[in-house]
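For reference, the chain that follows is the form predicted alone, supplied as structure tokens.
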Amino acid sequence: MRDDSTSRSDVYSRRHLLAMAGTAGAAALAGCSGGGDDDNGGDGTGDGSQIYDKKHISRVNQVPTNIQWNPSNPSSYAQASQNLLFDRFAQYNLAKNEFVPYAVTDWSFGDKSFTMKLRDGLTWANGDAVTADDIVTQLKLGMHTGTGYADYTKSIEAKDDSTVVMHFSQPVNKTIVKFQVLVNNHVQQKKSVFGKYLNKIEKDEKSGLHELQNFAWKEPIASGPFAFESTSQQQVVTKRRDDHPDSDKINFETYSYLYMEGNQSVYNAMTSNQIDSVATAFTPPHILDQLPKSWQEIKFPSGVGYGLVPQFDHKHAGDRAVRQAIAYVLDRKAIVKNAGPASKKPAELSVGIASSAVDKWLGDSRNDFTDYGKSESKTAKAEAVLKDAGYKKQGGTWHDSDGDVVKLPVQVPSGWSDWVTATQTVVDQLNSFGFKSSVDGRTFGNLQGQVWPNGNFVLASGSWLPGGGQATFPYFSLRQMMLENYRGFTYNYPAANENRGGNHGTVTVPKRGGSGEMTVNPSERLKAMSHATDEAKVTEIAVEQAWVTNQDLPMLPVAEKQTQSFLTGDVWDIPEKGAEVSKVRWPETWLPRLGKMNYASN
């Protein structure tokens, strides 16, 4: 039920009190009625003529004092504020399917090179100019840590203070380069901070990488329009900069992130207008109906999907027969029905390609792939696979050839309500089949900070897609599944990068459409895809590697979802509902840069 009775000034006062009071204040104010007027239609263009001492409050789901901003260290890496503190090289608009220049204003391809021109006037928050040497340092670090462009990049140089040139060993696929270099990078690793790690790596790679990947950057130097100010147990606080090229488009002083662990606390905060934006939160229809009219939902394909990440060092999860049995048992349609069908759909096929792209890339070869069952549990198939591998069912429970019970606990962030529901359904289906499974719910901060990087899981709830517009291009989805997942799961898949526990090893699977086996090296084949400049070659490798994922199941796809982002127009001028400019990852940090999310002074 909506409550539109409260004035804009009342709303702002309550939010201001909340910011001063922290979470204790949030709890105390949670019962207050929310509201605000229905003014969400302004374009919010700021002119910098007046700066208001106002605070925009967004949400973070990590304990702020644990957050660190070194992207080479997956442990406790920032999950929201990095998009505000650091400028992307370029943005990707999901409504228009186009790249939008930002920190890199111009780019061009040579036969074996990629040239980027930095935006004029870019500075770090300490006043230093952002230079090509900073970008070269960052990109070189990425080559050592196994970032995708390492597959095809031979060298990187600063041509002058604002021009960076990447040299390739051979011609490259331009789509891959643009997503991998422009969209997936922020201006973040300043040479004066990170240069010493690069120097160490170039002298002693193993030791240098160890130091880099254990460096927790707690007081980052921003390149974006807001500078890091402080963290406490409840908030990350940033302050508007005066010397960013887009500062004159922003008319408020402070942007903070308030710690809220679970979806329910986010619903409470939105319903009572205690926050101003949410990057992403699963919000079911009955909660949407309760939000004040001032809230605007922005939906777009997330390129993210709920799935299971198996630990390959585990006796059972690391056994292909068990993974295939799990895939046969799971009724993905039933899982989605329980977890939120309004924003999710079951994965079309157990394969490392997004559902919307399966037909395009697999074509007629799709019929060769194993259909584990999208909308049913194929328990007879699962039993056959297990028995062939030496498993037996005794007393209703599956045991391996050593007599050990097959135990499959499934980890999930305890505050992600839709994922918890999905995981509970997965566990119910596995138990009904005869596995011994359970839900292992923990805080996201604990999982992402300590548990997943250290590989302490049997099955973990994780995304099998890489997120964003790149998700429908198979190079990225296959890479996410087989080489380097973005959440930092150390899953010890032999084909994976070293920083995910692998060694770029080979994988042997049955031949597709024939007898015998095939042995391939996914790392080498995806590297070959990055050099493929014609679609026929890309398709050939995509089908081959998709087959590997279908048979070996390095991750188990379950669902795909639409992102739900939220902005409030109570005291903020924001774009009209449905505006194309908002369909980006992520609108609450992108729109201020364009002058499209400002304090409404009238």
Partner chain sequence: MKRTDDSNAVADGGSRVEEFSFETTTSDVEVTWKERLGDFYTEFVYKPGLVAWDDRRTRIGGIILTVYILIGTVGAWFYPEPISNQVPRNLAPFQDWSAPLGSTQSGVDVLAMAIHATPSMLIMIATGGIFATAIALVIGTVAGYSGGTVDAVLTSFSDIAMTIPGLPLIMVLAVVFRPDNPVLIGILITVNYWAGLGRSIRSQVLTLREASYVEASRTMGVSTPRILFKDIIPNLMPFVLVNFANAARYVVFTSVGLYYLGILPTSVPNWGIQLNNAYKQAGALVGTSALYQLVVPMVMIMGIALSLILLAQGLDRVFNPRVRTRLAGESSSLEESDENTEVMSQ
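Quantities reported herein were computed from a predicted structural model and do not represent experimental measurements. Numbering follows the first chain given and starts at 1.
The protein also exists as the form predicted in complex with its partner chain; that form is not presented, and the subsequent description refers to it.
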- [ ] Counting only non-hydrogen atoms, choose the one of 265-273, 109-117, 238-246, 389-397 that falls within 4.5 Å of its partner chain in the predicted complex.
- [x] 265-273
Open item on the list: Check residue 421 for me: does it contact its partner chain in the predicted complex (non-hydrogen atoms, 4.5 angstroms)?
Closed with: yes
Open item on the list: Even though the partner isn't displayed, in the predicted complex is residue 334 close enough to its partner chain, meaning a heavy atom within 4.5 Å?
Closed with: yes
- [ ] Classify residue 290 as contacting or not contacting its partner chain in the predicted complex by the rule of any non-hydrogen atom within 4.5 angstroms, answering yes or no.
- [x] yes
Open item on the list: Whether residue 428 contacts its partner chain in the predicted complex should be assessed with a 4.5 Å heavy atom distance threshold; does it?
Closed with: yes
Open item on the list: For the three residues 105, 159 and 223, which mark the spot I'm curious about, does each lie within 4.5 Å of its partner chain in the predicted complex through at least one heavy atom?
Closed with: no
Task: Answer option from 439, 509, 528, 94, heavy atom within 4.5 Å of its partner chain in the predicted complex - done: 439
TODO: Report the residue, out of 521, 75, 355, 414, that has at least one non-hydrogen atom within 4.5 angstroms of its partner chain in the predicted complex.
DONE: 414
